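Quick heads-up: it's one chain on its own, the form predicted on its own, in structure tokens.
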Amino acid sequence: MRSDPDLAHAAARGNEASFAELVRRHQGKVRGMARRLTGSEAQGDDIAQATFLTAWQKIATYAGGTFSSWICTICWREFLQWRRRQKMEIEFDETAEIIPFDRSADQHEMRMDLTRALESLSEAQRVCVVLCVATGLTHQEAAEVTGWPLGTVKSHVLRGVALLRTRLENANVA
């Protein structure tokens, strides 16, 4: 079995089959990361697709190291671009009617699942937990992906995982 760096170098020379193998190997990780960052399967899949498109276009810039870290860095940047676009598209309509509704019954009847627990974390904690726990990057790799200091990433992972445990235990989720 060929290594990721070997496949990436072959892809940089135009070998589409090598890049397709990289996609097969890493698509689950990238899709999972993007879905967890966005909280949406559809938007996560769009970001994953954009990630691999960008990776194909920039495969010649891969300079070695873990391919997983490189592709997750691209995914992180695609997520940031998506988030910026979302913020620009949101406009407040002062003429819109606000219709209140009661979700308290649903909240008490439904158990909190992992997705909802992740959404309850701060964005920084969620990002670090997704990168390190769900995606499997090391703390160092997550720091390189986000551009945040290593200690900050470690702190967000530690606090985020602790909050997840507490919230999931309180919701009686195994």
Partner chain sequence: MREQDAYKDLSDLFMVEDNALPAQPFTRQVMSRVRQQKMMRRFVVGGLGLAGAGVAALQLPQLLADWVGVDKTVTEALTTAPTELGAAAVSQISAAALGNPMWLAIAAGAALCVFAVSTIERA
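Residue numbers count along the first chain shown, from 1. These numbers were taken from a predicted model, which means no experiment stands behind them.
Beyond the structure shown, there is the form predicted in complex with its partner chain, which is absent from this document and is the topic of what follows.
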Quiz item: in the predicted complex, do 19, 133 and 137 all put a heavy atom within 4.5 Å of its partner chain?
Solution: yes
Self-check item: Partner proximity in the predicted complex: residue 143 to its partner chain, non-hydrogen atom cutoff 4.5 Å
Solution: no
Quiz item: Though only this chain appears here, would residue 56 touch its partner chain in the predicted complex if you measure heavy atom gaps against 4.5 Å?
Solution: yes
Quiz item: With a 4.5 Å heavy atom cut-off, would you call residue 14 a contact of its partner chain in the predicted complex?
Solution: yes
Quiz item: According to a 4.5 angstroms non-hydrogen atom cut-off, is residue 23 in contact with its partner chain in the predicted complex?
Solution: yes
Quiz item: Quick one: which residues from 19 to 33 get a non-hydrogen atom within 4.5 Å of its partner chain in the predicted complex?
Solution: 19, 20, 23, 24, 27, 28, 29, 31, 32
